[in-house]
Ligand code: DAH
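What follows is one chain in structure tokens, specifically the form predicted alone.
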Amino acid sequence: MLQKIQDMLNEVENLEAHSAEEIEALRIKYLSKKGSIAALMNDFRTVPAEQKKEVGIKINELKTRAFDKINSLRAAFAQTDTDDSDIDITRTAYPTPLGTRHPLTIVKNEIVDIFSRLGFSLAEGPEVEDDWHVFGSMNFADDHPARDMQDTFFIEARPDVILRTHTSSVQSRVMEHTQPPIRVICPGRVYRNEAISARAHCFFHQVEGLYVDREVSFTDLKQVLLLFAREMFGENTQIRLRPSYFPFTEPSAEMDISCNICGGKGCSFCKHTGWVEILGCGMVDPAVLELNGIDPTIYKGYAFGMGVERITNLKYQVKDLRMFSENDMRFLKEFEAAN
């Protein structure tokens, strides 16, 4: 019996396997309920009483060595299989579809890219702002309608803290900490206290630009906006500037582009005028420069601002603003090719 155990022990020490199937076969041969070691334990009852202790120790040693040997073969094979295989065993077993960028993100990135190539750097600021940076520093009068609860979201516990209504607050923060020349583009989400409908929402996205330096003119502004319009909507795009009013610019203007849907011939989208408004702009009011610590006798500047939703509507003809925030996968999948 002892010799039989020793022979099997030598056999176990020299075990080899080259696949998971071979390792499993060895486990069944030696360690299963009907395996070789189990057979030895069944024969244990025939061992003379004076040898039982020694034989029992040897059988336990054999069983332990068989466990260790097979486990070491399994570990070595698993390591070799991981090193040589291109399969990621941590990957999910089912295909996971890739997501796409939101249409507003696609358009915002395109706008930022165009102005970056024109020399503008990116600037961002907080969405929860104080009254000064949103209104005071932008030359809004104390009784301006934008300061009313009907137009702006105020924090109830802090009446001087609001959700920004435009990203001009970022321009203010840049001017108060930076001396000219300043050339920045400011994208971000803004909030207005408006009823949600197909044409309006309580939050939307803006991109505003600011350029402050010596001898800046309205002609510089017009040329930059013309270049932007043609980069965004095509080289045949025309622009026109109409006089307007904003508290923070003087003179102020609204810019239209020739309708990219009908080519300026007139359609329902442009209300048969051939023109579509896309942004507001103007020369920075000297009072704004002074309020933000810049000498208006030395420096001038221009500013402009546009709604990202408006530009997206023009590019992709999305007629309902609510679709941008409803997370309808059928709608979002339509923009896979634009990523």
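Source: prediction; values computed, not measured. Residue positions are given as counts along the sequence shown, with the first one as 1.
The same protein has a further form, the form predicted in complex with the named molecule, not shown here; the description that follows concerns it.
When contacts are judged by a 4.5 Å heavy atom cut-off, residue 248 counts as touching the named molecule in the predicted complex. At least one heavy atom of residue 192 is located within 4.5 Å of the named molecule in the predicted complex. In the predicted complex, at least one heavy atom of residue 280 sits within 4.5 Å of a heavy atom of the named molecule. Using a 4.5 Å cutoff between non-hydrogen atoms, residue 303 counts as a contact of the named molecule in the predicted complex.
Heavy atoms within 4.5 Å of the named molecule in the predicted complex are found in exactly one of 229 to 237, 205 to 213, 104 to 112, 265 to 273, that being 205 to 213.
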